[in-house]
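Only one chain is shown below, in structure tokens, and it's the form predicted alone.
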Amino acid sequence: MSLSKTIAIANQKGGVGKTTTAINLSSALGILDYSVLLIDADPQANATSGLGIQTKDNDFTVVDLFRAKENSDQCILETHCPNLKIIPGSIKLAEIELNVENSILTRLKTALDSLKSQFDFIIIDCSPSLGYLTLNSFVAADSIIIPVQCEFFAFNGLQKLLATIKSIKTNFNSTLDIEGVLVTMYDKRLSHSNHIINELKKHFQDLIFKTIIKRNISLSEASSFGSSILDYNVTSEGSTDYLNLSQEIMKKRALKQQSPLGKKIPQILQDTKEEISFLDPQKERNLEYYKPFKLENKNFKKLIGCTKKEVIVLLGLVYNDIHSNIWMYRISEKTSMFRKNFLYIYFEKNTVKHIQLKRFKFR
């Protein structure tokens, strides 16, 4: 049985140090002489550019994994970091999210299963959302690291994330676990930093990593130079933090179990009041109900109850104002006095309350 471990790094809230963690944890594990594959599953492809790889120059990317191409090996590129390879990201991943044909949640898992024997660790840098790409990553992963920024909005979206993990674990990946909650951007000079950590410990208790990623200017500079912190400034505090994190993860791996928890993972997930059902579309928007669909399918009723963020995942934003409560989408290229060629979506309190098909004729 392979001891290879796949870890997804996820938080739908942007700017929490997710990609910084993906790059530098992968590099640190490589420095410790483990073979590592970094999967850039974010359409922004920041992990790719953060390692100095030009996305436009790649013939094969992570998109090929989602399109079920047979030879996954051809997508793998070398990096300048020891023992670290990468499957680069691509802006074309955004098209995958909006393609109705890509509704299979096991595509990434299937692609990675053929690669696991080559690596000790596979690290997935997830998209900052809970859409199709991230759900595929959760199905493919053995565990999830949740980076949480040390600021007052740290808990925003965590309930939704935990509910999603719980549902994936129940319905698609029974072995999925939480590797740990990683506190990032800690600044001891700010009085609220310790308060945030204490609040996180109240909920997650010993699931919080002992390693805390402190604010460090070298971490920001490294990515702009297309380098990991270990290559850019190995003596920096940021380098020390990520080496400590990798060693903490290795200790868990050596013990073949999570560190003792003051609160067990099932209990943490049970505490999550928000539920996401994948089974009954009449009660909840399940994955089949939520998956991206094409405008020409005219299956618009399922938009009722969606948030603006979910509508963006399903249909895109196009020319709509994010702050407006009335959005419109073209559903037919042809115009006539009889054809209803535009979909109007009416929001109330950020949620779709009404939809209407209308004719709209350009002058």
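Residue indices: 1-based, along the sequence shown. What you see is a predicted model, and the numbers here were worked out from it, not measured in a lab.
What comes next is about the form predicted together with a small molecule, which does not appear here.
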{"item": "V16, heavy atom within 4.5 angstroms of the small molecule in the predicted bound form", "value": "yes"}
{"item": "4.5 Å heavy atom contact, N216 and the small molecule in the predicted bound form", "value": "yes"}
{"item": "Partner proximity in the predicted bound form: P128 to the small molecule, non-hydrogen atom cutoff 4.5 Å", "value": "yes"}
{"item": "Contact flag, M185 vs the small molecule in the predicted bound form, heavy atom cut 4.5 Å", "value": "yes"}
{"item": "Candidate stretches 219-227, 82-90, 112-120, 164-172, one within 4.5 Å of the small molecule in the predicted bound form by heavy atom", "value": "219-227"}
{"item": "Single option in Q44, N320, N58, S49 placed near the small molecule in the predicted bound form, where near means a heavy atom within 4.5 Å", "value": "Q44"}
